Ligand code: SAH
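What follows is one chain in structure tokens, specifically the form predicted on its own.
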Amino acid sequence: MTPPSKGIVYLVGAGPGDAGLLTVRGRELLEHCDVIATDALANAAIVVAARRANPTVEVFEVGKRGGSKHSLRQEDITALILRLGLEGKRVVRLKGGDPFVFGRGSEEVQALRAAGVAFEIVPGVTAGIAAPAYAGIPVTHRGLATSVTFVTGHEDPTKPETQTDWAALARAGGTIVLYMGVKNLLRISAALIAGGMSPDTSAAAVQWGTHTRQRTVTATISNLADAAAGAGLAAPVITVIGNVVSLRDEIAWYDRRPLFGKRIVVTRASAQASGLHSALEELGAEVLELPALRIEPLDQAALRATLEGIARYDWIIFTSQNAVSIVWEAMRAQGLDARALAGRRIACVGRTTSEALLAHGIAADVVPARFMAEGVLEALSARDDVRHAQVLYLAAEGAREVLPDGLRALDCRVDVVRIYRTEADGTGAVALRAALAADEVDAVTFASASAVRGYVDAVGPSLARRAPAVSIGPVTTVAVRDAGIALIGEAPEATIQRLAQAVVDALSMTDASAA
């Protein structure tokens, strides 16, 4: 018998599409493995997150999407994971859905066992349950269906060697869930009706279940194939047949969210995009992320010298969460912590900045109602402890002079320390340009004036005007209009949540006017 290797292969179910459905165990393994061998149907965001947490991981994309010329044959995939396991690697074999539900995971395990390679199975959420659930269709329901049968639709039911008894399924009376059956749907429907199923039985086809591009078509079993073809549905599709489909109108939720079916562009600095991205996805949007800005810290000599003499300042003004992050890193490098700011009064341009500061144990004394330089100046001017004060203004290169000039007018002594610059980052620009050219973008979000400039630089002035914008505030709005981009909304408050809601409000009004 072959001696066991020191390596191990984990067969991990990636779930049906929504990256949030990955199991906790699956995520832990992805963050600590040596190699990932991933199917095409596993959400690419899962691997992106794994690479972020595990930068040295090696990734093999093995395909496994039907008909794709880029897919490896099953025997080649098995040989790959065997070789990696025998080399002593910790391998995650990332499989769409669940490894043991039409995933051929058991075949891979048989080969691993025969070669003496250790393995572990991590089940995943299977599309046959998740896609109907996201379409508002329970696969069982009291009084309607007490059983569910999962069937591969890959086989032609007219072939004599088919392993599926369609007539028996037609008589069973429960819910039937078909995987990979869209190409054979007409023949499968005919076989079920011939076996005794009523032609009026409710049915649904769910394409790209749990993805933001999910689409659902409902009909009867007799005309579902025509309805799906008419809607242009193609693999991957899950088909649900049975009385439970009638509950969709009552239970549907995923495709009823306010931004479902909308494609929204997020243009924020790379480190800050995730919050807005998540907020928009929770509202149903498909998010195209163009980190229009990259944060580049400047020479830290001036900041280090300033921190050494921090006690001389009466006020410190932070203009962004980037400023907070960079200052805190510099403080830690010099052995300082929150106690170094004791006795200093703090002003922040916006709530996001103040929350970033509070995470380090410092509560801001001033956060204006208007999240812009003018708002900070108004709030400080109303206080009796600002005039003649020594003020440290921490800002980006190229930031407006409104605040330092206004403070000097109050007889303040202001030291302006530029600690970072924002630079255009064209990551994702190729795909975005294609989407803009095809008029497939519903709105572009901007959280700063510099993000507008970075976006225009990345996609070009002409394409930049192909989709309307939603702005985080007045200063950004001016930059949007100066770029010739149509503005359809502005957040009433400069926060991520209010910006996301502004997108909802703006597109709701656009849809209403178009109706």
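Here the structure is a predicted model, which means the values were calculated and not measured. Residue indices: 1-based, along the sequence shown.
Another form exists, predicted in complex with S-adenosyl-L-homocysteine (SAH); not displayed. Remarks below refer to it.
For the chain shown alone, V101 is a contact residue for S-adenosyl-L-homocysteine (SAH) in the predicted bound form, at least one non-hydrogen atom being within 4.5 angstroms. Among residues of the shown chain, G96 is one whose heavy atoms approach S-adenosyl-L-homocysteine (SAH) to within 4.5 Å in the predicted bound form. Though the partner is left out of this view, A228 does not reach within 4.5 Å of S-adenosyl-L-homocysteine (SAH) in the predicted bound form, counting heavy atoms only. S-adenosyl-L-homocysteine (SAH) is not shown here, and in the predicted bound form it never comes within 4.5 Å of any heavy atom of G85. Residues within 4.5 angstroms of S-adenosyl-L-homocysteine (SAH) in the predicted bound form, judged by any non-hydrogen atom, belong to 208-216 and to none of the other stretches in 430-438, 208-216, 361-369, 377-385. A single residue from the set V91, V444, A127, C348 has any heavy atom within 4.5 angstroms of S-adenosyl-L-homocysteine (SAH) in the predicted bound form; that residue is A127. Of the residues given (L403, I316, V237, L357), V237 alone sits with a heavy atom within 4.5 Å of S-adenosyl-L-homocysteine (SAH) in the predicted bound form.
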